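Before any questions on how it binds or moves, here is one chain, the form predicted alone, in structure tokens.
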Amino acid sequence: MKTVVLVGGGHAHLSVLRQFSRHRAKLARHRVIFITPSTRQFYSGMLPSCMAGHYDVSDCQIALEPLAAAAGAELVLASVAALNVHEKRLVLDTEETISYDVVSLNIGSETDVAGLEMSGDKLFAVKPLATFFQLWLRVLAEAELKPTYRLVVIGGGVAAVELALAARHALSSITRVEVELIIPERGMLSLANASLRDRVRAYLDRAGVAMRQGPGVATSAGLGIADGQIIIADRFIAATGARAPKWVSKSGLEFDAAGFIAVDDHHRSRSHATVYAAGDICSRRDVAMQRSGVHAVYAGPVVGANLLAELGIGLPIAYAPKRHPLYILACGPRYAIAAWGAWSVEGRWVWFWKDWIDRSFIRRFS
């Protein structure tokens, strides 16, 4: 008997649990443990439209208990506090210890708020998503009590743009609102094609979202930016890129320069063959791959097949990322911009296309 431990209920592990359920009879002589801090997983692709008021929270969540039960997995509601790869042992925040033969990590990442700490409780980090949405409800309640509400979003990626537009749409129905996007020096959507960047900039202008170039550093007075100005706001939202949880850096695994777990094309640790990782927590050297939920979704079946192969069920396979994955950016109202390679398009119909894709993803695991 072998013990396989899945840590985290991210997009990739949803597929792994689904695959395990199909092979439950063959897995009966093994032990599968699924560790997650919550019984529900928030689907990140629907967060901006949920903020904008197009979805209820329940529309954007996946129940994990039925998936674990179908896979024959023991569900442990906890977070990992430490990983010892030499002893093949996990320590939970409940102080419980779990040993493994094979472990897979799909825990996402944290928001890197370096330089923004002095914003104090005015600062909301976009991750973890469930916590962020609860804080967003607080923003809506605050805005109802003010004649003007000022919100600043810090970041230059897709998440930052979507959050700024969703906030502008939602808050404008409550009060007079000012939303500003602080973009890092490398620019907005730096890895995207020029067509998408042009469409996004034009839409931000039409939506009334102001843009300034950073970097932003928090002071006791407000957010200082490169030109010496101090920006004052009721709230700041940080969508400033990802960092790995601190316990991962102490695990003994091999990392890349940014501190993310280095994996091969099978999404297996390059230093420890009994450790797999998928999603934001890992990185590959052999291919250029953006940190995106798209890759976690596609890598899920690959990780599942490789974990089953570790148990003598089937053969291992490699993950070859698509050269041009499809990205669809929600714009606040039921309107979206899509990009694939050098091609881009926008409109209300694009939002409904995204809505169909997102709801289909939720239904697949419900």
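In this text the structure is predicted, and so the values were computed from the model without any measurement. When you see a residue number, it is the position in the sequence shown, counting from 1.
There is another form of the same protein, the form predicted in complex with a small molecule; it is not shown, and what comes next is about it.
In the predicted bound form, the small molecule lies farther than 4.5 Å from every heavy atom of Cys50. The closest non-hydrogen atom of Val4 lies beyond 4.5 Å of the small molecule in the predicted bound form. The small molecule is not drawn, but in the predicted bound form it has no heavy atom within 4.5 Å of Leu140. Of the heavy atoms in Pro321, none are within 4.5 Å of the small molecule in the predicted bound form. In summary, among the residues Ile183, Ile261, Leu196, Val126, the only one with a non-hydrogen atom within 4.5 Å of the small molecule in the predicted bound form is Val126. For the options Ala73, Ala296, Leu83, Val103, the one in contact with the small molecule in the predicted bound form, meaning a heavy atom within 4.5 Å, is Ala296. Annotated contact segment (heavy atom within 4.5 Å of the small molecule in the predicted bound form): 34 to 42, selected among 34 to 42, 307 to 315, 52 to 60, 332 to 340.
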